[in-house]
Every structure is written in structure tokens, then in C-alpha cells.
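As C-alpha cells, one chain now follows by itself in the form predicted alone.
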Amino acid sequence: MGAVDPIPEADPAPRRASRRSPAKAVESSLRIVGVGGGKGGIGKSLVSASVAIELARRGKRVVVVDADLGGANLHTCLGVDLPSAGLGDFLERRVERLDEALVPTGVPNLSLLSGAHDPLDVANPKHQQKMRLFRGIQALDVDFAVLDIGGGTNFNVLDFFLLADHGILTLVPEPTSVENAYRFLKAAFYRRLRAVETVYGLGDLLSEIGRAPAGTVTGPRTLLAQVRERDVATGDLLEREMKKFRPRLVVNMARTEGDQGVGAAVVSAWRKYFGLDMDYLGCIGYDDEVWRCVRSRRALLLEQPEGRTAQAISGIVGRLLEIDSSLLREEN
């Protein structure tokens, strides 16, 4: 795994307050689902669009957000014409609320917040702009906001992933994709710790890990052991914080029986080497209809609602809702 660059103080990780506090619980029941991954071309937009459609089919009020800043194309996966409104209108303050920039998708209960008309510099928003956007997403009056996040490990990508109640890691069963997925999760994990480093006194340790040479074996287990050596009580607090970082996993474009076993292997390796848990939501098999639908600008789940991919997405969403219900019971 590659070393993680230190996060500059000028762009701190967002401190995401729980929306499950008593006051907030009355205001909103919104749950945010972030679909990310270590690289492009692994089907994040397809997964985002399909999960959003399936949630809407189940009667949930859903907004799907094209959060691939600078590379937005989610409307194509939804079969929607180029939207006339979107994130750019909010960022440039032509509208004050994100719900004023929503466009219909033709699917009952589902709206799109597009990024297709974003200004050229939207890929690198200022910290204040990003925080305003995050607050806008959290204020949406729906049951679920599904974020289609760009690839890579830059701060904006990681922060969108960390904003989510459910961060879905998407990968394809190829060695480079799996390696990039681990790198993405490791970067997201340390980015999250940056938001609490003052509380746990982790600044020096994180900076030391960030400066470690490529190939150095470091991870959450090592970090926890180092903190415990200094202070057992702080180590216990850190362990509880670490357990809150629990990504969900979807394997896309599986072609063989061996491909279908990649998900369980990734979960096992993540637990063994990093000491953290991960929930495997399911596997989506390779489907020629995917590229056909994208080329003809049609939503796959609407074209083939009983097809193999639709069935796989149904299972993934069912598992996601089970996990969500379990978390809500624990929080209440």
C-alpha cells in the first residue's frame, strides 16, 4: 500500500456531526449513500443510478447526486437529457437551496442533482464551498441521497465518501482495481482520523505515517498499537472510533465463478491486515446490456427490470436496507 500524504491544515477533513441526535432526528431521517472507488471505469455511475432507482421502486424518496466533480455524466446512465439545472447553480448561488436545482428522472420518487453544467473549476472547490454543498445535501428533504463520487483519492473525493452513512466501495475483480480499492479505503480511513486527531492526540503519529516511504507496512492495527503504548484509555477511545469506519463492498462486472469469490476475499483481507470490518453487499455479473443501454442513453434497470443486473441490484439494496435498519435500532 502507498503512503498517505498528510492533510494540510488549510483543508481539514469535514467534521460530520451525527444527524441522529435527538434534535436532528426530528428534523430529518435522511440517509446518505456514497458510491466510490479507487479508480474510474469500474461502474460507479451504473451502481449509483441502479441503487437509486431500486430504492425509489421500494417507495423511498430519493435524490441521486452527481458528485463526480468535473466529470459528471450520471444523467446518461439514467436516460435523462442534459439537465438545465444542477450543482453549478448552487455553487454559483443562482439558487440558495439544492432542491431548487433538482430535475425529474421520469422514475417516481427519484430526482437528479446533476453536475453536467458545472463550471470548469468545480473539480477544486474552496473549502467553504464544499462545506456549503455538504450542508445542502444534508438538508435535502428525502429518505436517501445517493452520491455518485469520482475516482481517485483526492481530498474532495474522500470527503464525499466520508459524508455518507453508507460508503459503498465499488471494484471490479482485477488486481489493479483491488489494489486501488485498498489504497482508497486506507486514505479515507486516515482522512477520517484527521477530523478527530485533536481529540485523540494523533497529529504526530498521522504525520509520521504520512511521511512513511512507499511500501512501508502501516495500517489501523499498527496505529492503534502505537497509541495504546502511549495511553491505554486513548487507545480504547480510538478503537471505538475506528469501528465506526465500516465500508460496504460491491463487486462489479464479475465474469467467472472465481470473480464471484473476490468480494469475500477482500472482506477477509481487510479484516486480517487492517483489523476493521466491512460489509459485503453483493456481486453484479458482467452484462453486455450495460454498454448497450449507456450507448443508447437508456437506464438499464428501466429497460430490463427483471434482468440479471436488476436482480443483483435488488439483492444489494435489500442488504443495504437491512444494515441501515440495524444501525437505526442501535442508535435509538
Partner chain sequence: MAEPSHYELLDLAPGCTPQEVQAAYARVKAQLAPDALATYALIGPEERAEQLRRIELAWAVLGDGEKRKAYDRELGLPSAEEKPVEPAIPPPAVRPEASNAMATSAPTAAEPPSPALAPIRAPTVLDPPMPANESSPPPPEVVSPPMEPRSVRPTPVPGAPVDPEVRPVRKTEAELPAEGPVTGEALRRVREALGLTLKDLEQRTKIGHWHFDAIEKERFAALPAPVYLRGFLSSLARELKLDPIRVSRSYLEVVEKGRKS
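Residue numbers count along the first chain shown, from 1. As the structure is a computational prediction, the values presented were derived from the model and not from experiment.
What comes next is about the form predicted in complex with its partner chain, which is not displayed.
Scanning 69, 299, 33, 283 against its partner chain in the predicted complex with a 4.5 Å heavy atom cut-off leaves one residue, 283. Contact with its partner chain in the predicted complex, judged by any heavy atom within 4.5 Å, is made by just one of 260, 226, 129, 73: 260. Residue contact with its partner chain in the predicted complex: residue 306 places no heavy atom within 4.5 Å of it. Its partner chain in the predicted complex comes within 4.5 Å of a heavy atom belonging to residue 279. Taking the partner from elsewhere, residue 242 is found to have a heavy atom lying within 4.5 Å of its partner chain in the predicted complex. Interface membership of residue 178, defined by any non-hydrogen atom within 4.5 Å of its partner chain in the predicted complex, is confirmed. The stretch from 41-49, 55-63, 287-295, 267-275 that comes within 4.5 Å of its partner chain in the predicted complex, counting heavy atoms only, is 267-275. Not one of 98, 125 and 194 is positioned with any heavy atom within 4.5 Å of its partner chain in the predicted complex.
Within 4.5 angstroms of its partner chain in the predicted complex, the stretch 300-319 places a non-hydrogen atom from each of 312, 315, 319, taken in sequence order.
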